[in-house]
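Next up is one chain by itself, shown in structure tokens, the form predicted alone.
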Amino acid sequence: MYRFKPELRIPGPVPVPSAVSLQMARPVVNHRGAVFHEKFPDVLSRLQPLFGTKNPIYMITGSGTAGMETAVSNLVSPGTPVLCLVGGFFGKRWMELCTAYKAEVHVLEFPWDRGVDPDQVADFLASHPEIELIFMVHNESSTAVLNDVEGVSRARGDHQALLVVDAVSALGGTPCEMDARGLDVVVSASQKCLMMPPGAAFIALSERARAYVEKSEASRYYFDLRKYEQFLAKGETPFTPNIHIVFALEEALRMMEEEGLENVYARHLLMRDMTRAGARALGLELLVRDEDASPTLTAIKFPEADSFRQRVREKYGVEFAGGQGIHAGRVFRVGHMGYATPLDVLTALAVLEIELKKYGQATEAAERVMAAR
């Protein structure tokens, strides 16, 4: 009996290129020494085109949620009026974080298979001039919805509210354009489209958001971005960083720069369209309509989805993700982000076809292949 080579087709952590993995084996350097001083600011500055900003990028050692909490802890004081746009598990996480920091939380709920409606946001803000912060998710990986961040940003009109965006599963897979879209805070992480292991979050602030942070009376220590700004000026972090993530990021960015960002984004769109066409050709129902579909993962409806995923993992070594929140056990999610190619999509579709055929649920192979092609 042979062991399968694991094939991760989940929305993070993603497979890591060998060239990036090798960077994680480099000798440790002094995080207060000359080598790190020179490398660290340069590597972070190369993230700016992905964020679409000229402002500094800060790195937090921790998960994507650590990055989200960094945003909340620097902005939210007890009683701060905030609006959370909830259309999935991670929109709900914004709400939970703001509640934990004792904000005055307002919530706009959206269906967990549709994008956020900017018109509803505009109507809510018109009747709530006191709102200071809006929290939303760019790519809701629990539902495979890509939200219209630009539309929400425009919906503010002349309203004072800052827009805070979770781009954890979006950055590097779809354009962010932070400055052009008027986004005030953008958070991401290492283990998604950036093709690295978990271990670091990244956050960028607009000038308006930086001014807000300076005057904020929010309680914070480890996540205090004022400290990170002071230390970045001398090429350091205020606390011991994940040194090897910096090495890995340097290589991952080199690969993305070599491919070209426009080509990276086009590849993700291609894999999205292949996955959706192939799934439909297999007779499977997609959770999300085309106009809201994520370029980095696809959610597929399936009865007893968790037992189906287990069979696929045990028989073929291919791992799909389960549903989250209200979709738990009802959908499985196929990741196609970061270190992934159209050939990986064809492999995933082939495995689905083989397993579905055993239950008389699949169409002919030629239809699936032609649809994906």
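Small disclaimer: the values here were computed from a predicted structure and weren't measured. One-based numbering along the sequence shown.
Keep in mind that the form predicted in complex with a small molecule is missing from the display, and what follows is about it.
Checking 210-218, 252-260, 100-108, 138-146 against the small molecule in the predicted complex, the stretch whose residues place heavy atoms within 4.5 Å of it is 138-146. Remark: none of the three candidate residues (56, 206 and 228) comes within 4.5 Å of the small molecule in the predicted complex, counting heavy atoms only. Among heavy atoms of residue 275, none comes within 4.5 Å of the small molecule in the predicted complex. At a distance threshold of 4.5 angstroms between non-hydrogen atoms, residue 191 is in contact with the small molecule in the predicted complex. For the chain shown alone, residue 298 is not a contact residue for the small molecule in the predicted complex, no non-hydrogen atom being within 4.5 angstroms. Shown alone here, residue 159 lies farther than 4.5 Å from the small molecule in the predicted complex, counting heavy atoms only. This chain lacks the partner; the member of 318, 68, 43, 50 within 4.5 angstroms of the small molecule in the predicted complex by a non-hydrogen atom is 68. Put simply, of 267, 244, 93, 114 only one has a heavy atom within 4.5 Å of the small molecule in the predicted complex, and it is 93.
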